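What follows is a single chain, given as structure tokens, in the form predicted alone.
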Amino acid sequence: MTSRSLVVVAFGGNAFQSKGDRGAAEDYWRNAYIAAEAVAKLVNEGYRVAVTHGNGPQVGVIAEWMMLGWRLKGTPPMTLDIAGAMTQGWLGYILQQAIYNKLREKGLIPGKVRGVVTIITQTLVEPNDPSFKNPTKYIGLWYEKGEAEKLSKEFGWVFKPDPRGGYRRVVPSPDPVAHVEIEAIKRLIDEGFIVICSGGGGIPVIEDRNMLRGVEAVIDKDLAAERAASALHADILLILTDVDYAYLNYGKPDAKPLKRLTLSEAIKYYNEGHFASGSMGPKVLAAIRFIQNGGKLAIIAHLTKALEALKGESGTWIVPDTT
């Protein structure tokens, strides 16, 4: 890799809200500045950067706010695609300002970067995607079983146990096909901007009689990040989360961190079911797809160790079989 390599950085939920946070505005800003520090370090090393992020808790919170407004005031709730668009603006603003300020602080704007831009991004999905009949994507807050059952009866929501504990609402999560705004994103990156795009996986839309139409769903952020990274011909897909590595037997006494995998090894472990579908599974699948689509390197690492991961000092590397 050269110092001018394009890195697509896919932030997880801990870029905004860490476990134990109340979800207050100050929590979002504090965490966003930690994420921004990671971006600034990459830029300082000469990397070109594009950023994607998740929105699972936040889109669920917005949906709950809307339901509360409907209950108390009779305000009609917006659809889930509109809620997703709202999170792109909300979280994009916070990341955009935090990254801009960090770059200014380090003297990297003006200089190595012309600016930071958020693109409200639409993501094409197939209208017959099987997830519409079997919702699996977690959104919103964590609930105890009794509270989840009550909300399910009241609003018709579907809840499932979260692998990390408690119960969360689940919605359809169709496989992303492509980003509608990808050419604009490319142009901005080529012009020297850091682009925040595909927020929450993008707003899910389908082609309906040659027109775009939003649908009630949430797209997996990591799978969408891969689509963006591949379309941008990025050199590296860097998926940042709250663990240092992908693991075999995660959470068990014999847990084993995976430090370097070939594509074939990653596919083997993924197909054997070693990675939970609600957490590490989509990250490993995104990494696999990125390498299959011509990417040079995919990394899964901790948010605070982005630069160390690029140097091979931390994180799980997934590389082509010939590397």
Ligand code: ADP
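A residue's number is simply how far along the shown sequence it sits, counting from 1. None of the values given here were measured: they were computed from a predicted structure.
From this point on, the text means the form predicted in complex with this ligand, which you will not see here.
The contact residue chosen from D175, D242, E149, E105 relative to this ligand in the predicted complex is D242, the criterion being a non-hydrogen atom within 4.5 angstroms. Only one of W142, F155, Y93, Y250 lies close to this ligand in the predicted complex, with a heavy atom inside 4.5 Å, and it is Y250. Although the partner is absent here, A276 is a contact residue: one of its heavy atoms lies within 4.5 angstroms of this ligand in the predicted complex. At the 4.5 Å threshold, heavy atoms of A228 stay clear of this ligand in the predicted complex, well away from it. At a distance threshold of 4.5 angstroms between non-hydrogen atoms, I288 is out of contact with this ligand in the predicted complex. Among residues of the shown chain, L297 is not one whose heavy atoms approach this ligand to within 4.5 Å in the predicted complex. For the marked spot (V9, R48 and K112), a heavy atom within 4.5 Å of this ligand in the predicted complex is absent from each of the three residues. Across the options 65-73, 276-284, 259-267, 27-35, residues that bring heavy atoms within 4.5 Å of this ligand in the predicted complex belong to 276-284. In the predicted complex, this ligand lies within 4.5 angstroms of at least one heavy atom of each of the following residues of 216-238: K221, D222, in sequence order.
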